[in-house]
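Before any questions on binding or motion, here is one chain by itself as structure tokens, the form predicted on its own.
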């Protein structure tokens, strides 16, 4: 017996019970206990079958992630699994909660698996840049076939118990008490003299595999998984399960997991795993801070952003009223919302009943009076300070006491908006990213007078509506857009100096961005940015020393994809090719300004775009706009498409080395001045001390 694992007998059935809160992770103590319990019960002649079950809220949830990178203690999981598989009596895993990663791999080493309907199983290691390293890539193909196993492992998503039974991962789904049901299942095995089904000994039937199956599968996931080495390693392991004996397959799996564990991609993804949990913690807002109930919501504006925000509330089951100025605008907005839902229904991700339920939670209105009793109102109208002030003055007089007044502004001074109300403590920024019903990020802007209660409520609400909430301070552009402006400015400056849009886009795409800034401009519509700069010159000041090529193209009628020409030319199938007219325009502008064009290397493109953003992120940390480096990284990965396998810009800087980043930043600052390369004392201090951004608090 041990502190975390015990065993006992119930008639002919031995029961091993794991009790290692909070999630029964496979720590050294748990592994040792299961090993000892299996040995003891297998040696007991009065025991005819064994049940492995867990106390608490879940079955073994997976590996003990705190042991990653540390010297191993106690028996390894592989030895524990072999001991279970080699037992002379059937062992049945009793699953509730989640059996993920090492948890499912432990269950696969049992001879049978039973679960309650609410349980979920899966192998999510790919989401951490890893592969199942305890036999998952070898046992699962033998149990359910290589095609289904490959899809399960590459997806990495949890599978509900009823679906897992259909896949043959689970042998039975039991209603009622799991312990009683599993003991009864084990007793039935004894009574029927059921065989010991050793999964590792099952031969893989590859006869049904389509010709070129693995090659075709690689092609099908190539775009989605670019930059991630784990999927390819997983495919190699499944190939080994098909072609080689179990022990040889385990060697290939072991080599694969070792290589991935040492790689920067997995380091980055593990960092992101912990960072998503860290950003939910606000240092000066205690866990027990009172929160307000959000039972009803209101959204001002039924445009693209307002409609998406409305869908978030409806998706979470929160009744929401959307207000527009005219019936035409309201009808159009509600129609687009329903169309979005129907498109999702057509893809099989919602039922007709789901759509009707969600649309039933949405009410349209032309009057502010209809939202007076809402618990929260989100303003999603024009990015114009005068209009927003007028709206918030009106809300201040209409909304009930205690209602949260939120602005979806992406640039404006939230404190200036809050100042027109008599309750600035109730005002907060909720910066959704477009499309708001899809993007996971919610930048939560904390004003100077925003109350801790309101902040805590909105952080909790973010989770309720399926978002990752990250706190930002008040400044122009907050965390993400402020950094983006540096990134975009450098990209545009390099056009005058010698680069072309397609070169910059290709380099940044190959770096891991979903697309470069010029392809993104074409997608969004070049006229959109031009209109914003014309209408809001204070928000988007133009540098007179550098032309805005997007504006020049827009005025020529080249708006991007929608006009089939922008920086690129577009075919009927949306294929793109460099636009020679743009190349001529850029070269002519360089000549006009007396700039001698030069060759710009791929390295310089990365440095000037990515390092400019990193430098600005360092300044945000100095100023307290960002709470931690991980907050910046979560924002850039979930809001701007920064490659997750690089861990976000600040983590990436740590991988490169802050001495190298700082040297490059200073070189460009000396060349171009402070306008886009403002001095960061924090970056310099960290670089000179040989530290990382993870050490930043020691230097501010």
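Computed from a predicted model, the values in this text were never measured in an experiment. Positions refer to the first chain, counted from 1.
The next section is about a form of this same protein that is not shown, the form predicted together with a small molecule.
- Though the partner is left out of this view, residue 637 does not reach within 4.5 Å of the small molecule in the predicted complex, counting heavy atoms only.
- Within 4.5 Å of some heavy atom of the small molecule in the predicted complex lies at least one heavy atom of residue 22.
- In the predicted complex, at least one heavy atom of residue 273 sits within 4.5 Å of a heavy atom of the small molecule.
- In the predicted complex, the small molecule stays beyond 4.5 Å of every heavy atom belonging to residue 92.
- Shown here without its partner, the chain carries 295, 394 and 429, none of which come within 4.5 Å of the small molecule in the predicted complex through any heavy atom.
- Residue heavy atoms within 4.5 Å of the small molecule in the predicted complex occur in exactly one stretch of 303-311, 128-136, 599-607, 582-590, and that stretch is 128-136.
- Checked against the small molecule in the predicted complex, the residues 503, 266, 488, 98 give one hit for a heavy atom within 4.5 Å, which is 98.
- Scanning 257, 323, 154, 169 against the small molecule in the predicted complex with a 4.5 Å heavy atom cut-off leaves one residue, 257.
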